[in-house]
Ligand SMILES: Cc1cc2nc3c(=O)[nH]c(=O)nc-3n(C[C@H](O)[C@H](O)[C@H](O)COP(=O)(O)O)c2cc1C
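This document opens with one chain alone, in structure tokens, the form predicted on its own.
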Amino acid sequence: MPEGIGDRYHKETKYYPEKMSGRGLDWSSKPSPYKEYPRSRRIELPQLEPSSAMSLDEALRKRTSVRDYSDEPLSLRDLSYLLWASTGIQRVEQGYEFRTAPSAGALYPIDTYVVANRVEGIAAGLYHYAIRAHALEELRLGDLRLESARAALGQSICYDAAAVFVWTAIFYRSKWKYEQRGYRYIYMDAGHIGENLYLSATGLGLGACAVGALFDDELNRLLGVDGEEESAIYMAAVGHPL
């Protein structure tokens, strides 16, 4: 198979012992790990109490990709827990806010958006997860099922799900420290978050299915992001299994 851009990227972002002399970081330009929409209506999320309990061992044994969903809506309490469990603030140490999923350098380049199709207590539409406030920021109201499904290469699970999680990367957050190798860490970070969602959804008796096949430009337009400084990289459908 001919060498492609992915092969070249992998080669050109390798670390070598003889080339690991440290470079100085410009701490004044370190990006914030939080994105906010200050002009958007903010919806406070319920306290972090899951509606059911399951051991980690049981969740690991039961975890599977669920693609068929009932019409039952997702409770706002369960959505709140899923958001926190996948990428919320877990603890504060020495002034640093650490999250439930690990991130290279604790730079947290991933942001979370939710396409709410059937969620109790909020209107159908697009929301951004304001992590520090543990709240939703209302970006766009309306039935977005068809748009999200089309952006996911026509996969009907995004139309049928109660909610669709969309994760974007704000690339400079990671590139500030790791330069081009930062892209490797960004996708690792997204994978950690996706697994947290799978396990927390399983623990709540819900079903989830991650989606990596997506039309980048279409999904970015749905979110209202530029696709360059910030771009959608990963999705997941969530709902009550049939």
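Each residue number is its position in the shown sequence, starting from 1. Computed from a predicted model, the values in this text were never measured in an experiment.
Below, we refer to the form predicted in complex with the named molecule, which is not included among the displayed structures.
Q: Answer with yes or no whether Arg181 is in contact with the named molecule in the model of the complex, where contact means some heavy atom within 4.5 Å.
A: Arg181: no, not in contact with the named molecule in the model of the complex.
Q: Even though the named molecule is not shown here, does Gln155 get within 4.5 Å of it in the model of the complex, heavy atoms only?
A: Contact with the named molecule, yes.
Q: Would you classify Arg63 as touching the named molecule in the model of the complex, given a 4.5 Å non-hydrogen atom cut-off?
A: Answer yes; at least one heavy atom of Arg63 falls within 4.5 Å of the named molecule in the model of the complex.
Q: Would Ala210 count as touching the named molecule in the model of the complex under a 4.5 Å heavy atom rule?
A: Contact with the named molecule, yes.
Q: Check Arg67, Tyr198 and Tyr234: does every one of them have a heavy atom within 4.5 Å of the named molecule in the model of the complex?
A: Yes, because Arg67, Tyr198 and Tyr234 each have a heavy atom that approaches the named molecule to within 4.5 Å in the model of the complex.
Q: Using a 4.5 Å heavy atom cut-off, which of 41 to 49, 28 to 36, 202 to 210, 170 to 178 contacts the named molecule in the model of the complex?
A: So the stretch in question is 202 to 210.
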